[in-house]
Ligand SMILES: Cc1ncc(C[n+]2csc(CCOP(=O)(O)OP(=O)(O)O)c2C)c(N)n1
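Given next, in structure tokens, is a single chain: the form predicted on its own.
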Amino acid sequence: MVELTKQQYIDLYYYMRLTRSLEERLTILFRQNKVIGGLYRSLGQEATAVGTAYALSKGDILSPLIRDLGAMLVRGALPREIFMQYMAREGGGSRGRDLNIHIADLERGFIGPISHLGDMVSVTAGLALGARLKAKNIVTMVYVGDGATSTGAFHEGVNLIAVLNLPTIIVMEHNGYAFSTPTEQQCAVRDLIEKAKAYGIPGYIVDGNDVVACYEVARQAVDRARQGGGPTMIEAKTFRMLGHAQHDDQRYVPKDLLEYWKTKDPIDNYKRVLEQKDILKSDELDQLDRRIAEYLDEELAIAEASPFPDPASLLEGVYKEPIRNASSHLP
């Protein structure tokens, strides 16, 4: 087991609570028609994103899914940036050109996903290979859902990672549904980790609602990768407690299944762990929650005061200036 300090225990709670509270604010903004486009929540999955990302070090790079906002917060993304991104403001990560967490900042170690989620496995492999060629000892981490593991792009990417023995961690978030399709209707294996055997790389199953367990297994995988041991696949067993997005009422999910997973809420259960270990008492947790709420009030005020991008800047960073006289550049 990996030993955690008191501050690390608190950090894990802080990032999970910050993630959920931030997304709750985004839901209000969405209902006020201030969010441009869709809103994808990570309710019930915060432990997977926070625990695994917390195992990375400065210089490492991760590629989150739309439900891995917590991973980006761990890596240094600010709530104001997330608010501005969702509201298409100038101060957002894409300056109003893209939506939700489709943003990247290699300095802080995250690269936003595209909608074809399985493709990000190959992108992350490329980052790991490029770092190796430059003699940089970094680790990359890529998140995929159970649905993405059924795509051809996923298999090609993992095969490349395995063959080249790249320092990449593949986190498979097994949350029960690929949009509205249950896992058993799009995958024959009960445990996604069975797929790791096909590539000859180690794989582990972890309780995706246990933030400490997620951190421990990810930390071991990261240490192994950094020491030249190659890739690892991690299957985090969790559940998506809301629809695919705010427009999805989740009517296809049995009510008793939702009730079962409510008892496994990662934040509520982790609060009990902190109290049992005498790390934070109930009143101290309440005080921390209030500080997070006040912090988000301040961050949202900054975001709402941010202007929309100037329409005249629309093509900046999109097209390269064309070569006016191409023939003059011929040998």
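A quick note: this is a predicted structure, and the numbers were derived from the prediction, not measured. So that there is no doubt, residue numbering starts at 1 and follows the sequence shown.
Heads up, the form predicted in complex with the named molecule isn't pictured, but that's what we're talking about next.
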Non-hydrogen atom contact H102 with the named molecule in the predicted complex at 4.5 angstroms: no
With the partner left out of view, is D146 within 4.5 angstroms of the named molecule in the predicted complex by any non-hydrogen atom? yes
So in the predicted complex, does any heavy atom of Y252 sit within 4.5 Å of the named molecule? no
Though only this chain appears here, would Y177 touch the named molecule in the predicted complex if you measure heavy atom gaps against 4.5 Å? yes
Which one, 157-165, 112-120, 92-100, 78-86, holds residues whose non-hydrogen atoms are within 4.5 Å of the named molecule in the predicted complex? 112-120
Just one of H244, R219, R226, R132 has a heavy atom within 4.5 angstroms of the named molecule in the predicted complex, so which one? H244
